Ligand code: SAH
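Starting off, we have a lone chain in the form predicted on its own, written out as structure tokens.
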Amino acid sequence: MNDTEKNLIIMENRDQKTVLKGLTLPELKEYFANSVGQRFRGQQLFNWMYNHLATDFDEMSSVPKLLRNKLREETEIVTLKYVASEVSPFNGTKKYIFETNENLKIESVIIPDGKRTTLCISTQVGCPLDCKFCATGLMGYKKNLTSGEIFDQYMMTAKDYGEDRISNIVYMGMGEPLLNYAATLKSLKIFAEELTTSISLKKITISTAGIAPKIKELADTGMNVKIALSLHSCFEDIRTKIMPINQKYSLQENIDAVRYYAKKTDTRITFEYVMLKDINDRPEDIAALGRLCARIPSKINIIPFNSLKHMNPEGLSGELEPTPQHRIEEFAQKLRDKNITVMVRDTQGEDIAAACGQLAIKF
């Protein structure tokens, strides 16, 4: 039994209906070859679902009516339901809440920023990693999203916000993409097809807390998306304190993995760095970042720490404080003085709990 046949067998279903959303082009061709003996119908469905963003079989005018009726009875092409949305009156950031077939809720965020509009999508319901500065970790973990649920976040936001207005996608919402590796990779394969909507892999970034083996595995796929490593400290003990996953995959392992990724894919690594007062904003942190960036083609994305008060955190999460803005600017300038490319991210959507690190839904 080949991989395609295995995938078709284990596909998620509801009421015994096959879920077509989330299948790659080869899988759809295989499905239609087996079900109706017409392999080319797979390409038609792929085009309608992922290019035209069709949500109803009646929209698929090139598919015969008899087949559309059969598909309506036996399959489904939408995996998420819209629940609500909220727009920040200050900067236009828009947060969406969607619901899975299991009645679990996730969030996605549209971030307008000048010429670029970025969609931040989730890959899990909650997150198992418990990073102390992240609200998603505080809500716990429920399940991995399917590749269809990952793509449908794009489909539903694009149909609402305007497909031509979304220029970039970051896998930076709820969850750790590389702990849901199979579905994340499958969604990338969908975006990679020429038949898919105009978002290209060059405009996609995978953000990871550091799952070193999967970073290397992704490098070998040929997807060549951008990688952003949630770094937050160059010291093993501090990183372990604020990111427990560092106990399993050490900082050194992840540095080796992203160095491999950069070399294999000829891309530049982004190091994400949430600024935490008196924890990772010291002179020794600047020196360590300088040494790191001298070894790997990279840039640093500095992120102000956003409040977790909406989650009523306890322990270290409740004690964390943001580095004052003037110290952030000084920190960034000292890095630039070392010829390091540094971006200081503006906080957007904090007023609607949609800023970086704030995505969470209480179960």
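Keep in mind that what you see is a predicted model, and the values were worked out from it rather than measured. Each residue number is its position in the shown sequence, starting from 1.
The same protein also exists as the form predicted together with the named molecule; that form is not shown, yet it is the one meant from here on.
Remark: S298 does not count among the residues lining the named molecule in the predicted bound form, judged by a heavy atom distance of 4.5 Å or less. Within this chain, E176 lines the site of the named molecule in the predicted bound form, having a heavy atom no more than 4.5 Å away.
Using a 4.5 angstroms threshold between heavy atoms, I110 stays clear of the named molecule in the predicted bound form. At least one heavy atom of F305 is located within 4.5 Å of the named molecule in the predicted bound form. Stretch-level contact check against the named molecule in the predicted bound form with heavy atoms at 4.5 Å: of 89-97, 73-81, 249-257, 203-211, the positive one is 203-211.
Proximity to the named molecule in the predicted bound form, defined as a heavy atom within 4.5 Å, holds among E272, D130, E217, D285 only for E272.
With the partner omitted from this view, the residue of T146, S230, N280, T157 that lies near the named molecule in the predicted bound form is S230 [heavy atom within 4.5 Å].
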